[in-house]
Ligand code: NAD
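First, one chain by itself in structure tokens, the form predicted on its own.
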């Protein structure tokens, strides 16, 4: 769908109605049905309507896709291609994703409810940047020659691993998939992607664009399917050399078990989060409040690193709540995701809506103070909406302040001093991200060193570029996405010692 980007709600709705959706699996460069003919309904969470019946792959389809990837690996059609030629494929790939931005954004919106302006303005451009960044890395990958005795030569080579099984999340369907497939392919691997079952539409289209860019068949395959069948089969497959996963901590733990049950494949995990935003009394409160609001309510709170724990100093506690309440109301109002004016879309599914509402009920029952929100949108009963929600008076033992809710629910804690803020921030099984708001650079530096998190922002939240490793401590996972550190995770070293006597 190359062409002008629609500007109005009416134009987007017309484009959605005319959209042609590819519903098959993508194996060996072709769209194919599931071996048993099974399908999977993709539901628009804003309307409850079925937008596509996608092929639903099982273990036999995973076998087909892995066999295709393994054949491509064995004959070297990708890894043995000259680096500059692979870079040219990546350049064309990025250009095609950019040229088809409107179509890809629309596929995101109708599958998981993301506001169209967010998909078009954030997700798709970031996917393009990701492909271009890792494409530029291809001919920069180098080994080393170590300093040895004169009668020996020691080479350390960097090589791809083999067939990568990638399992991506539904909250940023295309972008999270790209964070996996771009570095894996740049390193010279072949990939089988299992996208999230709730939002696979854009990932299938992405694989076709890779072929259109000149990527060889078999190098990038996509198997739509459910986690307990397709995901499990991928994690247990003996020809898969690595699993790269973004999703829940519970599923990540299970994937590690499957790796041990099979071939001890590598497993890289980016899992849960409950990120603290620490606001000190000397912070620029206007900027901090805006960032805090966006940090939890963007994408309807369906963000792994969402700043869902608000740690606010007692001296500014009441003022922060007042400003946060006003800004949340001004910045986030529910609407049709196809309307460019909409800033808050639905949650991904009705079942997830009910789960988030259940967490809100637990917060009320535990004694937290509901400042605003906590309900569905009564004007949109057909959609899976939950209104932005803030709890204050939250204690560390409350589930609403401890467990990952993955919805637009903020939990506010009051603290008295820096030491208490650090203790509260670190009192979590997660350690994905954190932010610090203060005018004191020395204090910020101390707190950065003390916080147990893989990504820390100072006087901002969510900022960064492709040079920034993204990943967490503790039960937030064991890997890093983005950056050169990421591409190294899709490679292995080979040490060759030559006796020259």
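Positions refer to the first chain, counted from 1. Bear in mind the structure is a predicted one, so any value in this text is a computation, not a measurement.
Omitted from view is the form predicted in complex with this ligand, to which the following refers.
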| property | result |
| --- | --- |
| Heavy atom within 4.5 Å of this ligand in the model of the complex - residue from 411, 182, 110, 304 | 304 |
| Partner-contacting position among 271, 428, 202, 275 - heavy atom within 4.5 Å of this ligand in the model of the complex | 271 |
| Stretch in contact, per heavy atom within 4.5 angstroms of this ligand in the model of the complex, of 187 to 195, 95 to 103, 211 to 219, 331 to 339 | 187 to 195 |
| Contact label in the model of the complex: residue 245 to this ligand, heavy atom within 4.5 Å | yes |
| Exercise: residue 294 in contact with this ligand in the model of the complex, heavy atom 4.5 Å | no |
| Residue contact check: residue 415 to this ligand in the model of the complex, 4.5 Å heavy atom | no |
| Close approach of residue 176 to this ligand in the model of the complex, 4.5 Å, heavy atom | yes |
| Complete contact of 167, 232 and 404 with this ligand in the model of the complex (any heavy atom, 4.5 Å) | yes |
